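One chain follows as structure tokens, the form predicted on its own.
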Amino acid sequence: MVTLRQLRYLSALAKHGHFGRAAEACAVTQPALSMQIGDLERTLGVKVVERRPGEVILTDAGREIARRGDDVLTASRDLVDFARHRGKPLTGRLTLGVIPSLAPYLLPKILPALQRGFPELRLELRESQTRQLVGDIKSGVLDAALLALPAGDSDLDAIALFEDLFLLAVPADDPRPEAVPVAVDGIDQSRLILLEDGHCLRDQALAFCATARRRDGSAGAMTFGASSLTTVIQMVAGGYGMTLIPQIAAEVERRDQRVKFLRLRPPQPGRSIGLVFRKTSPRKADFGALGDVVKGCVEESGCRPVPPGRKPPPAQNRADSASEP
């Protein structure tokens, strides 16, 4: 009979492509992992791996078995979660992912609140880009993730938490007053600094800029890429350009006196932040409680919590849809 251990070892082998690295990830010896893979092949009557010098490649059958095996492993973890978390919400282990443009600004707010309100919670955090987080939720590596909606995957569900509007960060010597909202045509897109490829915030800013070009006919160019909003703000402070920054980040980043933040005229671009999880997860009560904590912590940043029961936005970029009449 196929065992969960065999499926777990096959999953590690599919991920690492090497017996030694897969064994290390599973905290077993290489011979033990290799023996279990051999037993799996004999049980199923099919070869699942093709051994080559220095690497391992899954056969066509092996890739399909690994994919189906990951579904079984995820279901088994959900079964354990169901049994363990039927009592008080937010107890035990919970693995949570957060996108980089949110983690340094939101986590310092919610972690103390979680420690006070849910002392039995053992929270494990991972910061990564949206695509990686979505894959980790689907595979069961993560229970949930805080990211910009929509997640764009039919296997996932979400709780919309708050609206995070964009501000325009400019050097402090910019002549425009902070009290006067900036029109779209007041943004010199040739000087707009964006995060590097792969960050959803970059995609949202590009969608807004595409809308702006449709309005004024400008052809702007993105001249820089960076790996963190703090780096982008330092570039703005140095006079290299301007950037769009989420409101939740402005509270921290405006401590730099060399930068100021301007509001944008309606319709203001922004993003919807939500908690994303597998539709099949048994921990929806936990996610609801976590969402309530997040909502209670963001109001002081000027972000608008989403009322209970409101559905997440459809699979369309909010920054783009904000331009529609």
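Bear in mind the structure is a predicted one, so any value in this text is a computation, not a measurement. Whichever C-alpha set is largest while still superposing within 1.5 Å between the two forms counts as the rigid core. Position 1 is the first residue in the sequence shown; the rest follow in order.
FYI, the form predicted in complex with the DNA isn't displayed, but the following is about it.
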Partner-proximal stretch of 270-278, 25-33, 61-69, 287-295 relative to the DNA in the model of the complex, 4.5 angstroms, heavy atom: 25-33
The DNA contact at residue 259 in the model of the complex, heavy atom, 4.5 Å: no
Contact of residue 264 with the DNA in the model of the complex (heavy atom, 4.5 Å): no
is_contact(residue 18, the DNA) in the model of the complex, heavy atom dist at most 4.5 Å: yes
Contact label in the model of the complex: residue 56 to the DNA, heavy atom within 4.5 Å: yes
Residue shift check between the shown form and the other one, rigid core fit, residue 258 Cα at least 2 Å: no
Per-residue C-alpha change between the shown form and the other one, residue 48, threshold 2 Å, rigid core fit: yes
CA of residue 292, rigid core aligned, shift of 2 Å or more between the shown form and the other one: no
